[in-house]
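Each of two forms of one protein chain follows alone as structure tokens, named structure 1 and structure 2.
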Structure 1
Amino acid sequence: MSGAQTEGERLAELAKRRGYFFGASGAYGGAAGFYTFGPQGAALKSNVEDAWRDRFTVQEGNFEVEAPTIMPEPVFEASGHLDGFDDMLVECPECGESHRADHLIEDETDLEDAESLPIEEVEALIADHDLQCPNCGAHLAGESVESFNLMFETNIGPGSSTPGYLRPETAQGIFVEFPRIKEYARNSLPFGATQIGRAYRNEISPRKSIVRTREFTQAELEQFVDPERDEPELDEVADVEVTLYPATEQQADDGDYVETTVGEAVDEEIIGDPWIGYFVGIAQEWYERIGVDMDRFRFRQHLAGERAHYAADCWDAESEVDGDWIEIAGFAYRGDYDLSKHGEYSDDDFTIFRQYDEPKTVERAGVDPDMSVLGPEFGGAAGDVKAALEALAERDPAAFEGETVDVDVDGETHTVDTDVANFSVDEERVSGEHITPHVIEPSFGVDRTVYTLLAHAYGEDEVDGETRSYLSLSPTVAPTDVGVFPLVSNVDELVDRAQAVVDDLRAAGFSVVYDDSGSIGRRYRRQDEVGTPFCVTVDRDGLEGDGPDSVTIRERDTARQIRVPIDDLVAELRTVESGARTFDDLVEAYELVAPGANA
């Protein structure tokens, strides 16, 4: 490794050379913020998605859906994205390059949450620190900072088409389908719906390769709960150890991390909601299992100015890469905001019927307007006035205490005599009530997780007198499970047997690469650098001995090799890949091949 290379530069070079990821459309000059995952990267990314699906969908007993990536404009009017999904843009007066103003401030000052500041304060900070354009060096003081909506706009259909947008998050695809999804859950809370898919944000200044892009993959879970009745199985994760960075510590002059357990964090109200604590605990274990370096990992609580207005609390899972902390997941308590908004804007029911333990007698306020009076008085608006009176009676019965009552219809106030409204309060026997569920959302960035795994897995050491670089990827996510080689490629018996081993491993479900090009040492190094956990070599010693035919298994991280009967190969690799046994266990059970024997 060159001493001048940063971790990010080294990772980008390795990713391009070994087929993990690279800038898209390079033949046409490329487009910032878009990346293609090569053969290794696509496999790693797919394995990360499968591991997430197994833990957050299958093991949690949730539903998985797949919604369209383009949705009509009213969806985003209801969700608030049309009005509030903005970043702060400042344009260079010399070269015309656009930059995220908050990123410029964070890069050049000690401030970490410039995104939460008002535009006027951001403009003042740019001037106070005399910030310059990273592209050409021009001074930006005095330039206006504008709000820029990040959604990609499109049209649905030809002619006078319907405006639509590429979704900026997968969540809305779950929320808008809630009326149907709840039927699959038998209208019973709690339940969760997951989705893994693409999202799109027209970033002002994409950067850090696949960390901040314009098209990316999210894995999201929307957990729907009754806030008064439903609690998570917190005991399952109570003892999970976590590194927390609460808002109070971030704001303190001598603030530091809090090393604790999930159970203690919830009990001490460091994490304010048990559901957030539950998913933080699951995520901690999941990230560790897929290979994130826990010494470079933390959960950071959002400061008040960072949180969305609907979020009661929010924590980010963050990984450290190249000296910077990268958000790789978020855990938000969204309340009933999303379902209430879609219920308000749409024509469907976004509530769940909550059954009482026993029927109750309740007082129900209502009206029975005299339409023989409303009709002549309000004409075509009479039906809307009646509906407005009914809604007002349910919302504010005290409004009918006077001689007249006012209702608003399409911005116009209408006055109705209380006698004509026929307001009354009646007793009614009810067995339950409709409630709007609350939502807890764990949202994972798949691309950023891939980036983190590659950065954290990179290592260098010396093997057989040579410096090697390798990726210590977990077998759970490694793009290839096994590399299979004949020791030499000019002996038909070795080649044929190696091909048979490949066929057996693939039939057993392993991802296998066959390689007979170059020296065996070079072949090992190639697989080490792409993170293949195990290499199997077919040699003469294994086929010409007195015992059963055997092969060597080489473990990537330590380069140790053992000799295993071919008939046992599939079973032993499966036990190690599943975590049932370690390679150390195999070393104890089988013959350890002398160092350098097949180097």
Structure 2
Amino acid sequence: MSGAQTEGERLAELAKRRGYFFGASGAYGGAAGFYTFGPQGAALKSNVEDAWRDRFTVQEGNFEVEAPTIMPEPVFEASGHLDGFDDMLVECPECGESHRADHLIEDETDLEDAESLPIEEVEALIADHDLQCPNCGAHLAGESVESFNLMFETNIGPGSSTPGYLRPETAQGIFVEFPRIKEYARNSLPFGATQIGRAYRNEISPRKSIVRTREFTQAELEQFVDPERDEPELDEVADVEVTLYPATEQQADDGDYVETTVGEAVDEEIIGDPWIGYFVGIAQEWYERIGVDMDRFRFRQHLAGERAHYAADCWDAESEVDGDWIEIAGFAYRGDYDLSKHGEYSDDDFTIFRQYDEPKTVERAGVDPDMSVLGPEFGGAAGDVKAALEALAERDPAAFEGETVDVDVDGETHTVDTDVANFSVDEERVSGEHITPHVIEPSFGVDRTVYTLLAHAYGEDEVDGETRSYLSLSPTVAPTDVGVFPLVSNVDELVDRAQAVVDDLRAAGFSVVYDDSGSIGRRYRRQDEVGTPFCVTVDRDGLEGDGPDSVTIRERDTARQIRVPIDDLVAELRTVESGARTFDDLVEAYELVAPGANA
């Protein structure tokens, strides 16, 4: 570790220098909260997305969709984002800088979760603690705190404006199309729909590099279930070991992590819902496979105050970077909230027909009012009286037991003869009922996952007497699979053979970088620093010996090198990349090259 720099600073510096990510539009002074992924970062991010798709869409047999990022206003009226998706804003009276009021309080007091406090209390806390503007030091006491909606607004089309918003989460693009997606699932629960794409939040003060940005990528899965019938295949992940940090432990004085298995956590109701347990188990394995350091990883349960009111249980996957815990995914049981809301606000059908095992006979109370009597008696109100009688019959059949029945229409009570209402109870055969599916939502932040992978992969050691820094990225996500070098660049034969190796590897689907500039040691360091798992070098020794032509393969983390016949190169790299063999196996099978022999 290099002295004064924090892990985050070192990461930001490396990320920019080596093309992982950097603040966007820097030529124009930048735009806070927007980042561009350079060649290495774009490849790493894309590999993370592919790995997520493979696990959460393909392996689960789910449906992936791709919806627009701009959606019309009614969607967000229904979802609640138009009214409730706010942060607390306080503006400095001196310098005009905007701050998140809850963050100021959390930074300067012992309070946590200030976000859940009412605005008046936040204003009072700012005054009580005499909080100052972090930018210019002006006193903020007495400044009003305002709700600021985090959605980016725009206008769709010309002329009289139709407001549209950049989606604050990919989820709405799935929920709003449920009436169509359920058809692709042949109207049969359970099924899952996924989406990987951009989401936008107009953060008041973006922070921490790519951890809290204004434009980011989510990978979300909406699992639609019948809450009374559907259960996950918990057996598949029952034995997966997890580090849990339940709400009770967070609130206890001597609270601690619970090290357990997914199966036990669900059995003992530490995790409240088996679907949440199922996805927690899958996520644990997935994070491990892509290279998150599981000693710096936990699942933390939301405290009651953190949860949305409709969420029955919610857990976050968190990774540790720089001593802070970062939320990198959330697992929420959202009940029927989302689909019910869209069902209520739109004209479409957000239910699924649940077939009974056997058709049922049900009694259905109804009326068939004699309009030739109601019409003359109630005039223009007759229709409303009829509707009120129908509603009453369904709600409270007992009301029709007397000789007359009373209904309220627009605050006025009307009395109708039970005979005129024509009340009756009929038997009906029904084969099922419409239910609103419940939703379990695993929601992943892709940028934060990338950030975690880079932070956890960073290492420094000594090779050939020199300090080197390297990224021990998993081959699953590393931007480049193989670096290929001629030992020297001024010998045509070596250059030509190296180029041929590049072509072969690319044709076999490997992502390859060719490099012939600078010393071979420098070229190895360059690849170490961007996390390339293997480097292949074409040298004279390999082409001039008696045996078949050969090249060296160097492993990044240990800097060990072996010599392998060129004809076997693609096959051997494939077995190692796929995990079928380890590099240790190759070391057993081939000649180990002495360190520094060609470096």
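Since this is a predicted model, take the numbers as computed values, not measurements. Here, residue number means position along structure 1's sequence, counting from 1. Take the two forms, superpose them, and find the largest set of C-alpha atoms that agree within 1.5 Å; that set is the rigid core.
Where the criterion is the form predicted alone, structure 1 meets it and its counterpart does not.
Once both forms are fitted on their core, the CA shift for residue 507 between structures 1 and 2 remains under 2 Å.
The Cα shift for residue 465 between structures 1 and 2, taken after rigid core superposition, is smaller than 2 angstroms.
Taking the rigid core as fixed, one finds a CA shift for residue 296 smaller than 2 Å between structures 1 and 2.
Relative to the superposed core, residue 413 has its Cα moved 10.1 Å between structures 1 and 2.
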